[in-house]
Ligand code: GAL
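The chain below stands alone and is given as structure tokens, in the form predicted on its own.
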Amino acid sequence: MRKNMRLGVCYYPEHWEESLWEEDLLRMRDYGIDTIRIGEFAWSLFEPTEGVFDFSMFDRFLALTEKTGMQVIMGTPTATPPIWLTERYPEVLNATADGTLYRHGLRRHYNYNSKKYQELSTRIVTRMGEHFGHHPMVIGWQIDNEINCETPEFHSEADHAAFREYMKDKYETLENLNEKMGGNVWSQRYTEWDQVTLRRPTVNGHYNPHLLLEEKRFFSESAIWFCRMQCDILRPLIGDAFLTTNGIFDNLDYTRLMQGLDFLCYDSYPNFALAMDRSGQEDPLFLDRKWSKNLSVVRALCAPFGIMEQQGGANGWTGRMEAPMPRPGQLRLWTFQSIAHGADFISFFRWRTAPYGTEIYWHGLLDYDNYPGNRRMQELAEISRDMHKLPVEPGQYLARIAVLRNYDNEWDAALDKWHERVEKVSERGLFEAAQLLHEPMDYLYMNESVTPEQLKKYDLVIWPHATILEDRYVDVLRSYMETGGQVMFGARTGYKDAFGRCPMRPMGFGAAELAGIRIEDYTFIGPYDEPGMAEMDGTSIEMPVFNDVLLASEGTQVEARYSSNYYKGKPAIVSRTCGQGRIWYVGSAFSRKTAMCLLKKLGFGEPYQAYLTLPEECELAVRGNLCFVLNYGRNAAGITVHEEMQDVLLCKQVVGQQQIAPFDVRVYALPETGK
């Protein structure tokens, strides 16, 4: 994909009369759209009966894209196998844990490990690659669609068999497997490899937690294999075209998936904040705004990235989810939210709202009536004009803080209620605190490829709850601190090994050793307990959810002591010098208030205050020398520009008081590096 910003849209020629095709393409060009995605759900048209291929409809459509100059991203259609396939070969179907097969009628009802599905997928992808691979307008390919969407779990017979082979390869002997899986508990020892399966229904629905962690790793490896299989087929057939896929879904290690792709695309629907939460209890400051956290996760996996589906209207299915129509300005706001966080390609979903099918309430840019004058189309025109005002290369996202993640801990938190409880609070609290302090923040995935050099760009890295903490990661963090970096851990750090077991060693593992502490006691904050609180620098600080009670050794500085519950007076937060840097251990989760107190103590917050003063309802994101200011509030926001800067979208120099309308955006060029 070329360097400058691009605008696209998802289009389904099979949904519309051919008489509309050319008119649609020409109208798209008028609105600045130069790329469309097609084909990802059209297997039943490409192969209407087994072994009989018909690409004629898409050939006619591609002839019009060549005529109109519209570039194309072609999707492989493996997310929607046709009914002839699933009826003839039921072994390709996915199943619930109790063995019930998912049937035809929605999408993503297949499993990755069926030999027959692998064979038929190989054939359709090969035939499409051979047929469309060198078409001059096909500039890229999307593998499947939203891998692991709908369900990230697979329990067909083919999956059980493949899981057994996965476990054989990893553990080699039943003795080793039984030891690592804790087989002596509740007589769960295996005596034959045929006894090893994925999760089955059990009393109360619970299962061996160590096996469930391996199950998630297996689901991830299965999806990665399926994606790479398609990449390997297409690479020699498509010339210089790129390979990507879309979405971020559960039970999938995207750091490994990325090894087979050129870049990653995300599907951004900020209105999910309303579609999926009807309580009315969400903080209005963080409804659509919290999608910036998701975009930051995508950026951690691939920077820059693309948006394959940017929300184009209200979202909802006929029997699932509902949300209001975006307010005037929100489509533009959400588009710039994506750009500010690292997107260099924006493709809206979809061109025209579907008149039939499950997604008739998942609105596109055009309504059912095809009227071009609706306000979403007017907003699209403004977005197109604005994108042309941005630099060809907006630059990298700039942040002084990184929050560390890794998939073993994400998956453990999804299985372990103790881990989940602290993780949810801290993920939200750290993000919200950084947002309100206007302190841009990155996420960084810790895996075997991360080096101390990669961490040096950050002044502070926070690993809130590294429950599974391997020594190799401690070594990387130690090296980073020795050259001046700061590392902060939270409660429940370092008490599980890679198999999810709690070995007989002091809790905290290497983090506690570096911090010079021993965790002498720990507890959840129960419903009848006092709120977790501590005294730090003469003021109170929240210590929510869970408290590690610390014992500090000589050379470790006690930064805060508990001021509530039976451990009142005990160390709650400590720090210790490590080379030229410092390690911090916080004996709780990170609520918004906790995180704000700690970040302020360490000197973070308002890093661009010499240039801008912003209210809480505005987000600040920085790419290169561009400051993006996004107003998520329903009222106008007043900001102050302290030094004359170029307003990139208004094309003028500004200084002093500025008003940003509700859901509006400003982009300022920092004066040090150009105006």
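If you're wondering where the values come from, they're calculated on a predicted model, not measured in any experiment. Numbering starts at 1 and follows the sequence shown.
The same protein also exists as the form predicted in complex with beta-D-galactopyranose (GAL); that form is not shown, yet it is the one meant from here on.
Taking the partner from the other structure, beta-D-galactopyranose (GAL) in the predicted bound form has a heavy atom within 4.5 Å of a heavy atom of Trp362. Residue contact with beta-D-galactopyranose (GAL) in the predicted bound form: Asp386 places no heavy atom within 4.5 Å of it.
In the predicted bound form, beta-D-galactopyranose (GAL) lies farther than 4.5 Å from every heavy atom of Trp21. Heavy atoms of Tyr495 never reach within 4.5 Å of beta-D-galactopyranose (GAL) in the predicted bound form, leaving it off the interface. The listed set Lys424, Arg107, Lys457, Arg123 contains one residue whose heavy atoms approach beta-D-galactopyranose (GAL) in the predicted bound form to within 4.5 Å, identified as Arg107. Shown without its partner, this chain lists Asn113, Ser575, Asn246, Asn547 as candidates; in the predicted bound form, only Asn246 has a non-hydrogen atom within 4.5 angstroms of beta-D-galactopyranose (GAL). Partner contact region in the predicted bound form: 138-146, out of 468-476, 70-78, 138-146, 220-228, criterion any non-hydrogen atom within 4.5 Å of beta-D-galactopyranose (GAL). Taking a 4.5 Å heavy atom cutoff to beta-D-galactopyranose (GAL) in the predicted bound form, the one contacting residue in 310-344 is Trp317.
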